[in-house]
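Next comes just one chain, in C-alpha coordinates: the form predicted on its own.
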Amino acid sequence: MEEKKLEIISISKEYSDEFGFKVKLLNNISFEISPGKFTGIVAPEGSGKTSLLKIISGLENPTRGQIIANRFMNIVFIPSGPSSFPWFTVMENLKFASKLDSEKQLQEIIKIIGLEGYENHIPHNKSLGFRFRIALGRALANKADLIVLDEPFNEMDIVTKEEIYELVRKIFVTTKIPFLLGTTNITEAIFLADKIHLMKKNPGEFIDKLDVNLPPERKIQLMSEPSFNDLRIKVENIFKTKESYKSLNFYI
(Lines give C-alpha, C1' and ligand atoms only; values in the text may rest on other atoms or scores of the structure.)
Protein backbone atom coordinates (compact mmCIF):
# COMPACT_ATOMS: atom_id res chain seq x y z
CA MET A 1 0.00 0.00 0.00
CA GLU A 2 3.16 2.18 -0.10
CA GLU A 3 2.78 4.92 2.52
CA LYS A 4 -0.64 6.08 1.39
CA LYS A 5 -3.63 5.67 3.65
CA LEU A 6 -6.95 4.37 2.44
CA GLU A 7 -9.49 7.03 3.42
CA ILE A 8 -13.18 6.20 3.81
CA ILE A 9 -15.08 9.49 3.81
CA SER A 10 -18.74 9.90 4.83
CA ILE A 11 -19.97 6.65 3.32
CA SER A 12 -23.75 6.18 3.33
CA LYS A 13 -25.83 3.44 1.72
CA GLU A 14 -29.58 3.39 1.12
CA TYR A 15 -31.89 0.90 -0.57
CA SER A 16 -35.61 0.52 -1.23
CA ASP A 17 -37.48 -2.19 0.65
CA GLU A 18 -40.24 -4.39 -0.82
CA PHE A 19 -42.80 -1.64 -0.23
CA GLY A 20 -40.73 1.02 -1.93
CA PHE A 21 -39.66 2.80 1.25
CA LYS A 22 -36.10 4.09 1.55
CA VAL A 23 -34.01 2.28 4.14
CA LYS A 24 -30.72 3.76 5.36
CA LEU A 25 -28.30 0.87 5.79
CA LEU A 26 -25.09 2.85 6.41
CA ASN A 27 -24.83 6.40 7.69
CA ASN A 28 -21.89 8.77 7.34
CA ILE A 29 -19.04 6.34 8.05
CA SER A 30 -15.53 7.78 8.01
CA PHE A 31 -12.23 6.19 9.01
CA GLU A 32 -8.85 5.34 7.55
CA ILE A 33 -6.72 2.25 7.05
CA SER A 34 -3.04 2.94 7.60
CA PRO A 35 -0.15 1.05 6.02
CA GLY A 36 1.01 -1.90 8.09
CA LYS A 37 -2.05 -1.89 10.37
CA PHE A 38 -4.66 -4.56 11.09
CA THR A 39 -8.06 -2.85 11.39
CA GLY A 40 -11.17 -4.49 12.81
CA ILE A 41 -14.85 -3.59 12.63
CA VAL A 42 -17.09 -5.21 15.25
CA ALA A 43 -20.79 -4.94 14.47
CA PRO A 44 -24.04 -6.80 15.19
CA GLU A 45 -25.73 -8.79 12.45
CA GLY A 46 -27.76 -6.67 10.05
CA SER A 47 -25.63 -3.57 10.52
CA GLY A 48 -24.52 -3.32 6.87
CA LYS A 49 -21.00 -4.43 7.71
CA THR A 50 -20.69 -6.66 4.64
CA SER A 51 -21.92 -3.87 2.36
CA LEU A 52 -19.34 -1.52 3.88
CA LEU A 53 -16.54 -4.04 3.27
CA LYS A 54 -17.69 -4.55 -0.32
CA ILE A 55 -17.82 -0.79 -0.91
CA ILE A 56 -14.27 -0.46 0.39
CA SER A 57 -13.22 -3.36 -1.87
CA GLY A 58 -14.81 -1.73 -4.92
CA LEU A 59 -17.47 -4.47 -5.27
CA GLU A 60 -20.42 -2.27 -4.37
CA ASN A 61 -21.22 1.42 -4.76
CA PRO A 62 -22.19 3.75 -1.92
CA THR A 63 -25.17 6.07 -2.15
CA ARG A 64 -23.01 8.92 -0.88
CA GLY A 65 -19.40 9.44 0.15
CA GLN A 66 -16.08 8.49 -1.35
CA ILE A 67 -13.08 6.28 -0.82
CA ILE A 68 -9.71 7.73 -1.66
CA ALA A 69 -7.01 5.39 -2.98
CA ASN A 70 -9.01 2.19 -3.53
CA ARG A 71 -8.94 2.64 -7.32
CA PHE A 72 -5.17 2.63 -7.18
CA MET A 73 -4.83 -0.34 -4.85
CA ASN A 74 -5.08 -4.06 -5.26
CA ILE A 75 -7.73 -5.01 -2.66
CA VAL A 76 -8.55 -8.70 -2.17
CA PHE A 77 -11.94 -9.47 -0.60
CA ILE A 78 -12.30 -12.82 1.18
CA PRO A 79 -15.98 -13.59 1.89
CA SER A 80 -17.55 -15.59 4.71
CA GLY A 81 -17.91 -18.74 2.58
CA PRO A 82 -15.14 -20.73 0.84
CA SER A 83 -13.78 -18.82 -2.16
CA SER A 84 -11.19 -21.23 -3.57
CA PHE A 85 -11.97 -23.15 -6.75
CA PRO A 86 -12.96 -26.68 -5.64
CA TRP A 87 -11.97 -28.24 -8.98
CA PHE A 88 -8.40 -26.82 -8.92
CA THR A 89 -5.49 -28.18 -6.90
CA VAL A 90 -3.91 -26.00 -4.22
CA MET A 91 -1.13 -24.96 -6.62
CA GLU A 92 -3.59 -24.29 -9.46
CA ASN A 93 -5.67 -22.11 -7.15
CA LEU A 94 -2.62 -20.01 -6.34
CA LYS A 95 -1.56 -19.80 -9.98
CA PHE A 96 -4.97 -18.44 -10.96
CA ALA A 97 -4.57 -14.67 -11.39
CA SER A 98 -1.16 -14.85 -9.67
CA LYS A 99 1.11 -11.85 -10.14
CA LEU A 100 4.25 -13.71 -9.13
CA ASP A 101 7.05 -14.55 -11.53
CA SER A 102 7.90 -18.11 -10.59
CA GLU A 103 6.53 -21.33 -9.16
CA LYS A 104 9.25 -21.12 -6.53
CA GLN A 105 7.54 -18.01 -5.12
CA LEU A 106 4.21 -19.84 -5.10
CA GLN A 107 5.85 -22.73 -3.28
CA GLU A 108 7.07 -20.30 -0.62
CA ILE A 109 3.51 -19.01 -0.16
CA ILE A 110 2.24 -22.58 0.19
CA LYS A 111 4.78 -23.01 2.98
CA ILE A 112 3.66 -19.75 4.64
CA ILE A 113 -0.01 -20.80 4.68
CA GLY A 114 0.84 -24.24 6.09
CA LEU A 115 -0.09 -26.37 3.08
CA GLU A 116 3.33 -27.71 2.17
CA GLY A 117 2.86 -31.26 0.88
CA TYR A 118 -0.71 -30.53 -0.27
CA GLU A 119 0.20 -28.79 -3.53
CA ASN A 120 -1.69 -31.33 -5.66
CA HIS A 121 -4.69 -31.79 -3.37
CA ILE A 122 -8.12 -30.73 -4.64
CA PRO A 123 -9.94 -28.79 -1.89
CA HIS A 124 -13.59 -29.61 -2.70
CA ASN A 125 -13.96 -31.98 0.26
CA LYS A 126 -11.46 -30.32 2.60
CA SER A 127 -12.16 -28.41 5.81
CA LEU A 128 -13.09 -24.73 5.92
CA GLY A 129 -9.71 -24.02 7.48
CA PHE A 130 -7.97 -25.68 4.52
CA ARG A 131 -10.07 -23.67 2.06
CA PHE A 132 -9.37 -20.44 3.92
CA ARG A 133 -5.63 -21.10 3.82
CA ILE A 134 -5.93 -21.31 0.03
CA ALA A 135 -7.85 -18.00 -0.07
CA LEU A 136 -5.07 -16.37 1.96
CA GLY A 137 -2.47 -17.86 -0.35
CA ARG A 138 -4.28 -16.50 -3.40
CA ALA A 139 -4.34 -13.02 -1.84
CA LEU A 140 -0.57 -13.21 -1.27
CA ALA A 141 0.06 -14.54 -4.80
CA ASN A 142 -2.04 -11.68 -6.13
CA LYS A 143 0.23 -9.19 -4.34
CA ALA A 144 -2.66 -7.68 -2.38
CA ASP A 145 -2.21 -4.16 -1.00
CA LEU A 146 -5.08 -4.78 1.41
CA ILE A 147 -6.81 -8.03 2.44
CA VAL A 148 -10.45 -7.63 3.49
CA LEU A 149 -12.00 -10.43 5.59
CA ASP A 150 -15.77 -10.71 5.95
CA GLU A 151 -16.35 -13.14 8.85
CA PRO A 152 -14.57 -16.11 7.23
CA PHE A 153 -14.17 -17.94 10.57
CA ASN A 154 -17.83 -18.28 11.58
CA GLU A 155 -18.40 -21.91 10.60
CA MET A 156 -15.00 -23.25 11.67
CA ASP A 157 -14.67 -25.39 14.79
CA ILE A 158 -12.82 -23.90 17.76
CA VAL A 159 -9.53 -25.76 17.19
CA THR A 160 -9.43 -24.67 13.54
CA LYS A 161 -10.30 -21.10 14.48
CA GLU A 162 -7.43 -20.92 16.94
CA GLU A 163 -4.98 -22.23 14.32
CA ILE A 164 -6.23 -19.79 11.69
CA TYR A 165 -6.22 -16.81 14.07
CA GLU A 166 -2.53 -17.42 14.79
CA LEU A 167 -1.80 -17.94 11.09
CA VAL A 168 -3.50 -14.72 10.00
CA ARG A 169 -1.74 -12.69 12.68
CA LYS A 170 1.61 -14.29 11.76
CA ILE A 171 1.12 -13.49 8.06
CA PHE A 172 0.20 -9.91 8.92
CA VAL A 173 3.28 -9.42 11.13
CA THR A 174 5.57 -11.08 8.58
CA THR A 175 4.31 -9.40 5.39
CA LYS A 176 3.10 -6.03 6.79
CA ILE A 177 0.14 -6.25 4.40
CA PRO A 178 -2.79 -4.33 5.95
CA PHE A 179 -5.87 -6.35 6.86
CA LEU A 180 -9.45 -5.19 7.40
CA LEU A 181 -11.67 -7.60 9.35
CA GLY A 182 -15.43 -7.29 9.71
CA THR A 183 -16.89 -9.50 12.44
CA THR A 184 -19.59 -9.99 15.07
CA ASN A 185 -17.01 -11.68 17.29
CA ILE A 186 -15.39 -9.42 19.88
CA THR A 187 -12.73 -11.93 20.92
CA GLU A 188 -11.37 -12.56 17.43
CA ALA A 189 -11.33 -8.84 16.67
CA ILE A 190 -9.23 -8.11 19.78
CA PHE A 191 -6.85 -11.00 19.03
CA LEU A 192 -6.31 -10.04 15.39
CA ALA A 193 -6.59 -6.26 15.17
CA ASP A 194 -4.47 -3.27 16.19
CA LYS A 195 -7.44 -0.90 16.07
CA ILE A 196 -11.14 -1.73 16.35
CA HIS A 197 -14.10 0.35 15.21
CA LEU A 198 -17.39 -0.42 16.95
CA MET A 199 -20.52 -0.21 14.83
CA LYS A 200 -24.25 -0.10 15.60
CA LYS A 201 -27.16 -0.89 13.30
CA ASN A 202 -30.39 0.83 12.16
CA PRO A 203 -28.60 2.61 10.57
CA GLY A 204 -25.09 1.21 10.53
CA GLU A 205 -22.70 3.81 11.92
CA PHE A 206 -19.60 3.90 14.09
CA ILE A 207 -20.14 4.53 17.79
CA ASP A 208 -16.59 4.24 19.15
CA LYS A 209 -13.07 3.02 18.43
CA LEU A 210 -10.43 1.26 20.45
CA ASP A 211 -6.66 0.84 20.16
CA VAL A 212 -5.51 -2.71 20.92
CA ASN A 213 -2.17 -2.37 22.67
CA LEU A 214 -1.15 -6.02 22.63
CA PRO A 215 2.15 -7.58 21.41
CA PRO A 216 2.57 -7.77 17.61
CA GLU A 217 3.14 -11.53 17.71
CA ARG A 218 0.22 -13.27 19.39
CA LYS A 219 -0.46 -16.82 20.51
CA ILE A 220 -3.90 -18.10 21.47
CA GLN A 221 -2.90 -18.21 25.16
CA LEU A 222 -3.05 -14.41 25.06
CA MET A 223 -6.85 -14.71 25.32
CA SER A 224 -6.43 -15.86 28.93
CA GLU A 225 -4.35 -12.84 29.94
CA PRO A 226 -5.90 -10.11 32.16
CA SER A 227 -4.96 -7.41 29.62
CA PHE A 228 -6.95 -9.24 26.95
CA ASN A 229 -9.96 -9.73 29.19
CA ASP A 230 -9.88 -6.04 30.17
CA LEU A 231 -10.18 -5.08 26.49
CA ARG A 232 -13.03 -7.52 25.98
CA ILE A 233 -14.94 -6.11 28.97
CA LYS A 234 -14.35 -2.57 27.70
CA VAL A 235 -15.85 -3.41 24.29
CA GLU A 236 -18.77 -5.26 25.88
CA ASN A 237 -19.56 -2.28 28.08
CA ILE A 238 -19.52 0.13 25.15
CA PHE A 239 -22.01 -2.01 23.28
CA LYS A 240 -24.18 -2.51 26.36
CA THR A 241 -24.32 1.24 26.80
CA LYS A 242 -24.76 2.33 23.20
CA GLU A 243 -26.20 -0.60 21.27
CA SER A 244 -28.06 -3.87 21.58
CA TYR A 245 -25.44 -6.62 21.82
CA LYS A 246 -27.66 -9.70 21.49
CA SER A 247 -26.28 -10.59 18.05
CA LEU A 248 -22.63 -10.19 19.04
CA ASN A 249 -20.33 -13.05 19.98
CA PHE A 250 -18.17 -12.46 23.02
CA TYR A 251 -16.12 -15.67 22.91
CA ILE A 252 -14.78 -17.91 20.17
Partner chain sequence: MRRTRKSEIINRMKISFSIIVSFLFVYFLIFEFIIPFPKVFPKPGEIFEAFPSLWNDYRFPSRFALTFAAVYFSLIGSYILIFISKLQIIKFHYIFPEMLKLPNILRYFPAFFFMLLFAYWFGGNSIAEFVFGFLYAFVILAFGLLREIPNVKKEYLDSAKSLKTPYDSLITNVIWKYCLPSLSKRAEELHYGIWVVIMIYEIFAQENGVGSIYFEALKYKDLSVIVLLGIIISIVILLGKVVIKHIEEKIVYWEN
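Numbering follows the first chain given and starts at 1. Everything numeric here is computed off the predicted structure, so don't read it as measured data.
The protein also exists as the form predicted in complex with the partner chain; that form is not presented, and the subsequent description refers to it.
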{"property": "Output flag, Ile110, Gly117 and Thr160 jointly within 4.5 Å of the partner chain in the predicted complex, heavy atom basis", "result": "no"}
{"property": "Distance check, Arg138 to the partner chain in the predicted complex, heavy atom within 4.5 Å", "result": "yes"}
{"property": "Proximity of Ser83 to the partner chain in the predicted complex, heavy atoms at 4.5 Å", "result": "yes"}
{"property": "Exercise: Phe153 in contact with the partner chain in the predicted complex, heavy atom 4.5 Å", "result": "no"}
{"property": "Partner contact for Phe77 in the predicted complex: the partner chain, 4.5 angstroms, heavy atom", "result": "yes"}
{"property": "Location of the partner chain contact in the predicted complex, chosen stretch of 87-95, 173-181, 102-110, 160-168 [non-hydrogen atom, 4.5 Å]", "result": "87-95"}
{"property": "Single option in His197, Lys200, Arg218, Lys54 placed near the partner chain in the predicted complex, where near means a heavy atom within 4.5 Å", "result": "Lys54"}
{"property": "Contact assignment for the partner chain in the predicted complex, among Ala69, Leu210, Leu59, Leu222, heavy atom within 4.5 Å", "result": "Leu59"}
{"property": "Stretch 140-172 - residues with a heavy atom within 4.5 Å of the partner chain in the predicted complex", "result": "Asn142"}
